[in-house]
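Next comes just one chain, in structure tokens: the form predicted alone.
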Amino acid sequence: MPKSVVDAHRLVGPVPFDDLPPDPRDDMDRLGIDRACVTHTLSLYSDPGAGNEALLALADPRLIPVPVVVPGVPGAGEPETPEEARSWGVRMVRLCPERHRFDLTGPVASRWLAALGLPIAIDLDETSPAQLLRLAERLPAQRILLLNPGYRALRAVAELMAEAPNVWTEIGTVNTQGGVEWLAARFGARRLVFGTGAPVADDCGPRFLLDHLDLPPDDVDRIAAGSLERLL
């Protein structure tokens, strides 16, 4: 059993057309998850500004805010400037280029990310390994956490990780036999991060997977919490 578990990918807030708990802490307690990086659902599905405002109002140290940032020309970004985002004092931000319609590797996003100097979390469905590789090459100091990679894209994700040492991968959806162990053997447990995507995605499966990885205890501890701390 890992010494500490931190969920790198969790949501708070309402979800359209679904009946989900508004507060993640009961489920975290039930599954033995000590802390979680959280993004507000409004920021993902509706209004990034309103969602970020609600997220930053949370006052529980167990919930680490990961607001959504939308790089844009003046009047089209959220927030208005990268400097405003830095003033939030957060440890990571989330990007949704497909949902919020911006070019991940365009000049505006590149300038914003360089000015932010913060790790970014991004869902694989929001981009592509090729786009992420281009971003990683353009900004080699940019730390990137790939969310929801799945297992069907495992070959492409491995190619990305081989070429871009500044990419970390969430394991929650790598639910094929030996998939996490395969990644750990090639890239080290230090680049793998526990996450669930709950409550939209299942959290019991990833938590069960974490407890049954065929890896040394130190590597399990890294995936459970240590790798994320290093990333942040």
Partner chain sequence: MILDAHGHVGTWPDFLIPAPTAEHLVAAMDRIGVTAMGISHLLAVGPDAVRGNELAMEIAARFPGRFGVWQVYNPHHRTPLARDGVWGVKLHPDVHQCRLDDPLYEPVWELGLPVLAHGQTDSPWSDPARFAAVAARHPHVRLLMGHTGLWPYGFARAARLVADHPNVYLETCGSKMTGRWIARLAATAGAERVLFGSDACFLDLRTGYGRVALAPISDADRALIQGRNLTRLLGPNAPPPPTHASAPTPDTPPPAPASAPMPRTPPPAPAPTLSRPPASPPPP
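The shown structure was predicted, so the numbers you read here are calculated from the model rather than taken from an experiment. Residue numbers count along the first chain shown, from 1.
There is another form of this protein, the form predicted together with its partner chain, and it is not shown here; the text below is about that form.
- Residue contact with its partner chain in the predicted bound form: E163 places no heavy atom within 4.5 Å of it.
- Residue contact check for P21: one or more of its heavy atoms lie within 4.5 Å of its partner chain in the predicted bound form.
- Contact annotation for R207: at least one heavy atom lies within 4.5 Å of its partner chain in the predicted bound form.
- Looking at D214, you'd find a heavy atom of it within 4.5 angstroms of its partner chain in the predicted bound form.
- Against its partner chain in the predicted bound form, the set V38, Q142 and E170 makes no contact: no member has a heavy atom within 4.5 Å.
- Of the stretches 40-48, 53-61, 66-74, 198-206, only 198-206 has residues with a heavy atom within 4.5 Å of its partner chain in the predicted bound form.
- Heavy atoms closer than or equal to 4.5 Å to its partner chain in the predicted bound form belong, across 170-189, to the residues N175, T176, Q177, G178, G179, E181, W182, ordered by sequence position.
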